[in-house]
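Okay, here we've got a single chain as structure tokens, the form predicted alone, with questions on binding and movement later.
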């Protein structure tokens, strides 16, 4: 008898799959340019740093929606609730931990904000798994309305309609204070956004991310081949809640204030509009959408303070009718068309 030797050489299919995943994970020049411009804005837009900080925070909120809607197909109007939970969690940590290290540390406050929002997201995720898209939309909206009412009723903790005041986070890393010009706030918010974006990018480019897209495409087929559909939907919904909570924590820390406006319905609706502007399922869609949405809001508000919502709505209707898939969806179609023309007949 001859000894059977087991080859450790990977199969051609495994090699090809590995090459595809590595190609998907590789950073392209447009991505590098995007982040270079974002960090460079600190130097060539010094008078707009407060606005840029808000855009970075809103971009993180829109990114959280993209994770559940663009990649997992979960329609939601409840991300504003997690945003508000994170804002109040980080605000309370900064207010009652003022001068008591490490509770007033901003980074610890973000961890507390993410943990609080993630816990609520985990507990409510099982409700989201039930029913159709319309059912999920109503459930997430219901959760947001409940959180909104709790914030208004728990005046002893949240300050009610007056908001949570006295939010005084410690300097970032014990060195950089939050100044009136928004310098520290912008670099802090953008740095957190970049770190969380890199993590989200690694997740959606991984086999886990590919399985989410398979579930979005056909959940019945994904379940038939043995994929743990519910478990993965719960995981991504919880992660998106953490992201939204951290965005809320950033908002409370950089503005040193938390109000019921953070959990209002329009917070979720605005973030969803940003994603529609940029394009769902592209990861950068929420970031680009937040830039377009907030820039248009600022510009139109200065030109027509009374009717800026009309022009914003008109732009949205035109975008949905003629540019389906958002700005990045349009670019993707143009790229595919150019590639098809370049192929040999």
Partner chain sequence: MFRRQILKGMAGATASLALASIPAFVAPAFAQETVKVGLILPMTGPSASTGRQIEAGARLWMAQNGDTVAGKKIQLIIKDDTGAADQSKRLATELVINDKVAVIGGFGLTPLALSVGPVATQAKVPAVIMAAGTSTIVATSPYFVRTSFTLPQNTAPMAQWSAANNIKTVVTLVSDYGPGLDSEKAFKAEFEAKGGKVLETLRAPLMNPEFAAFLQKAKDLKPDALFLFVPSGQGASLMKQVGERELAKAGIKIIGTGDVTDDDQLNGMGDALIGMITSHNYSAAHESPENKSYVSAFLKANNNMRPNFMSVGGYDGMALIYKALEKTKGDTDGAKLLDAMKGASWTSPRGPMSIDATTRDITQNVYIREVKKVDGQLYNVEFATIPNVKGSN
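Remember, predicted model here, so these are calculated numbers, not experimental data. Numbering follows the first chain given and starts at 1.
Not pictured, yet referred to below: the form predicted in complex with the partner chain.
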request  = Indicate whether residue 34 is a 4.5 Å heavy atom neighbour of the partner chain in the predicted bound form.
outcome  = no
The partner chain contact in the predicted bound form: residue 282, any heavy atom under 4.5 Å = no
inquiry  = When the contact criterion is heavy atoms within 4.5 Å, does residue 313 count as touching the partner chain in the predicted bound form?
reply    = no
ask   = Do residue 51 and the partner chain share at least one heavy atom pair within 4.5 Å in the predicted bound form?
value = yes
task = Would you check whether the partner chain, in the predicted bound form, lies within 4.5 angstroms of a non-hydrogen atom from each of 45, 298 and 337?
result = yes
message = Tell me which stretch of 26 to 34, 316 to 324, 282 to 290, 59 to 67 has a heavy atom within 4.5 angstroms of the partner chain in the predicted bound form.
response = 316 to 324
Residue (of 181, 96, 126, 156) lying close to the partner chain in the predicted bound form, criterion heavy atoms within 4.5 Å = 181
task = Note which of 213, 230, 152, 135 lies within 4.5 Å of the partner chain in the predicted bound form, where distance is taken over heavy atoms; exactly one does.
result = 152
Any residue of 261 to 283 that, in the predicted bound form, places a heavy atom within 4.5 Å of the partner chain = 261, 262, 267
